[in-house]
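Take a look at this single chain in structure tokens; it is the form predicted alone.
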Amino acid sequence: MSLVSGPGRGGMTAIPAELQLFVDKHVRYIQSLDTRKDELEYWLTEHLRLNGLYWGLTALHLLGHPDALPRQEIIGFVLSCLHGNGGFGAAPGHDAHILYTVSGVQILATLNAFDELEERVKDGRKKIGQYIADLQDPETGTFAGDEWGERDTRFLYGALNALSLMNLLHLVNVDKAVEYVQSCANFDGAYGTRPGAESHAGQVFTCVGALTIAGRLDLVDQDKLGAWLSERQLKNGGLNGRPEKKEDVCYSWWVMSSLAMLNKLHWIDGKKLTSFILQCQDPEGGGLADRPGDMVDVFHTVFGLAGLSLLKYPGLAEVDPV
């Protein structure tokens, strides 16, 4: 799949010195995250451990430091989260769920580690693929998050994402999944978590991403959705997830990636958004927050950096919007 234009390909104006990207600080911040086991916050976020590892690893790749975390230790941890049924938990001992399974697959793909998966787990790729396939509802085409049956377009997108990375899309009914996504479209051109649910930029990303993987972007009302997405930009340059909400740096990814898939990145004021994202940095400790002055975390760090990558910020690796 072709990527949108990446860093260093024009369009970026000079940035004031006080608004430069603190690359080394962000690398050290991510490297430090697994060393803070004496902090309560570390244990309170155990349910996000595998997701957090994916976010941190992706941020390091975007920053041009893909080897800043030890590869073999990462692979070992990821496989320690794998259940016999092919699903991944958030951490060793946690129940399997599609969201953690997607992160596990994405990490293995990022590290080109599928061969090592097969060496350590017989038919590992096939087991993971079957776990995901078994979560699809054969009648509606949507996917449950786990054995308990909650359904959400996030899970559908995640399923198609992970299966496509493993070349196993044939295990599921893609056409039925596409039908379900279309049933979640609203009058404003955007999408919700399920049919009739409120439009939300995060769900727009999952639905547009799923349709892109399925090769069915032709079903999207692209001008209407592009207009809705462009209206997410506020006066300070930041983006929100739905009308009347505050700006949040993570929507630099959810909104911009959707616009990138629609070839409408130019419908956002990139200079103002770049300035907003850079103001969300901690210039001393590294990391990015949801908005200027707040506490940083790895979630907002990766999605802020991914937004900057879509904006062709100098020195960042190119990100695939899908």
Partner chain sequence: MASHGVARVSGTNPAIRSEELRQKELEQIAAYNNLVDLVNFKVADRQYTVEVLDLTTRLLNENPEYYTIWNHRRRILLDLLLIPSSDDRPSTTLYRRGEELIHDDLQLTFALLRKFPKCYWIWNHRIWILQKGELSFNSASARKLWLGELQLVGKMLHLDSRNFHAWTYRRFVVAQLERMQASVTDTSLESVHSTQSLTESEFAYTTKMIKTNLSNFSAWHNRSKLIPMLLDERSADSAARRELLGDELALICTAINTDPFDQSIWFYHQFLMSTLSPKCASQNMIVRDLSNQDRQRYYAHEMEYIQDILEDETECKWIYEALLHCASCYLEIEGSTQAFTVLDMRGWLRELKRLDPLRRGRWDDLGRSLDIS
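Since we're looking at a predicted model, the values are computed, not measured. Residue numbers count along the first chain shown, from 1.
Heads up, the form predicted in complex with its partner chain isn't pictured, but that's what we're talking about next.
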Please tell me whether the candidate spot formed by 122, 136 and 314 is one where all three residues come within 4.5 Å of its partner chain in the predicted complex (heavy atoms). no
Since the chain is shown here on its own, which stretch among 171 to 179, 157 to 165, 141 to 149, 106 to 114 would lie within 4.5 Å of its partner chain in the predicted complex, judged by heavy atoms? 141 to 149
Touches its partner chain in the predicted complex: residue 39 (any heavy atom, 4.5 Å): yes
Within a 4.5 Å heavy atom cut-off, is residue 73 in contact with its partner chain in the predicted complex? no
Is the gap between residue 68 and its partner chain in the predicted complex 4.5 Å or less for some heavy atom pair? no
Residue 93: touches its partner chain in the predicted complex, heavy atom cutoff 4.5 angstroms: yes
In the predicted complex, the one of 214, 79, 197, 219 near its partner chain [non-hydrogen atom within 4.5 angstroms]: 197
Mind listing which residues of 269 to 299 have a heavy atom within 4.5 Å of its partner chain in the predicted complex? 269, 272, 290, 291, 293, 294, 295, 296, 297, 299
